[in-house]
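Have a look below at one chain only, the form predicted on its own, in structure tokens format.
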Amino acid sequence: MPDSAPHIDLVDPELYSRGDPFSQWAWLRANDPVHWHRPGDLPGFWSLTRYEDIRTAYRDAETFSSAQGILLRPAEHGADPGGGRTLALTDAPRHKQLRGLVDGWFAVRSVRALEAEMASIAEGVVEAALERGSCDFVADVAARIPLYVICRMMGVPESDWERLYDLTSQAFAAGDPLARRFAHLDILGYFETLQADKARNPGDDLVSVLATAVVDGERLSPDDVILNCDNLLVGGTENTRIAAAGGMLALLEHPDQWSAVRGDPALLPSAVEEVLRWTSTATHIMRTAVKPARIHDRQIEAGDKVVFWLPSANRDETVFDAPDVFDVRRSPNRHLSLGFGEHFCLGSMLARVELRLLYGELVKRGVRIELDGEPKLLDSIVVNGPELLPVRLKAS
């Protein structure tokens, strides 16, 4: 590793699509693990790149708050509208109250009860892709399974699943920002109507739970219900979509690993964990210090932004043997891709099952899959992975 510092610019979106962020993170882990990134288009912030530092900060929710936003955003955009209101953007005790409303839906027992239906969804999606022969694995396979599953859990009528698929595809796309904004507004409008209907006629679904919930003696406001519905939809789809596609790309780039899984399906659970570590699709998570703290030789002041670079933590050589090797047999694999502490990903079990079922369906059918063009990676500092993954599929 070079002694001289490389140019550090972790907020350049093109770094993640055309550059090498891992070399910057490796240098920071070794030489400047609590790095001050000067303000520019984004506010100034401290970067954490070591596994243990990030894990410790995750655990210390009393110092590092989520309520002021969990992603870097330009100061002129103002505060995140979900701050203090949604599950992801609240601190104790509000966070625990909101999580308690929906936690049971994502527990092991509940996910297992849905597994047969989830397997049927995966089977249908893979079948449709095989019929096409060539497809974009991101949009046509990876995006559909988590979206259909969370729609089912939220009580979205099946007749509306394709509508939400189209809207989320536009909202998550890397194209026209105005088009993305309008698509997101349409999603919020959809949930405005759905939550009103569920408040009048509740069913056995997540939106009904939120629409009829009472917290601290008061019903959640319609706006809070809508924001939390949006949070659940995004949380239940975006990262799993990119992890599924990024994992498929990794398996295609490491054919020996894909052959190992195809030859021994018992490797699927450990392969899923390695896909989660390797893809680390949530590129950064932000916290705001609410009181002074010291990390190594750096003084963090109240109000400072602190950013956790999760792909860096998941390649920390002090924690993972051969961290730059993709190994479907890796054990142990204590990655931080799904967070840690009280904000540990609500849908972690769901994501794991969705990935296992998708890859398992490909293995079961003996699908031969190969690249059908050049993959395109996302220009984003928020999530990283394929935006486009053209493939050819054929059942053997």
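In this text, residue numbers run from 1 along the sequence as written. The shown structure was predicted, so the numbers you read here are calculated from the model rather than taken from an experiment.
The next section is about a form of this same protein that is not shown, the form predicted together with a small molecule.
In the predicted complex, every residue of the candidate spot (88, 339 and 350) has a heavy atom lying within 4.5 Å of the small molecule. When the small molecule is considered in the predicted complex, only one residue from 312, 281, 195, 168 comes within 4.5 Å through any heavy atom, namely 281.
Interface residue among 323, 155, 235, 83 relative to the small molecule in the predicted complex, by the heavy atom within 4.5 Å criterion: 235. Within 4.5 Å of some heavy atom of the small molecule in the predicted complex lies at least one heavy atom of residue 95. The small molecule in the predicted complex is approached by residue 99, whose closest heavy atom lies within 4.5 angstroms of it.
With a 4.5 Å cutoff on heavy atoms, residue 190 does not count as touching the small molecule in the predicted complex; it lies far away. Within 4.5 Å of some heavy atom of the small molecule in the predicted complex lies at least one heavy atom of residue 344.
Note that among 299-307, 281-289, 248-256, 129-137, the stretch whose heavy atoms approach the small molecule to within 4.5 Å in the predicted complex is 281-289.
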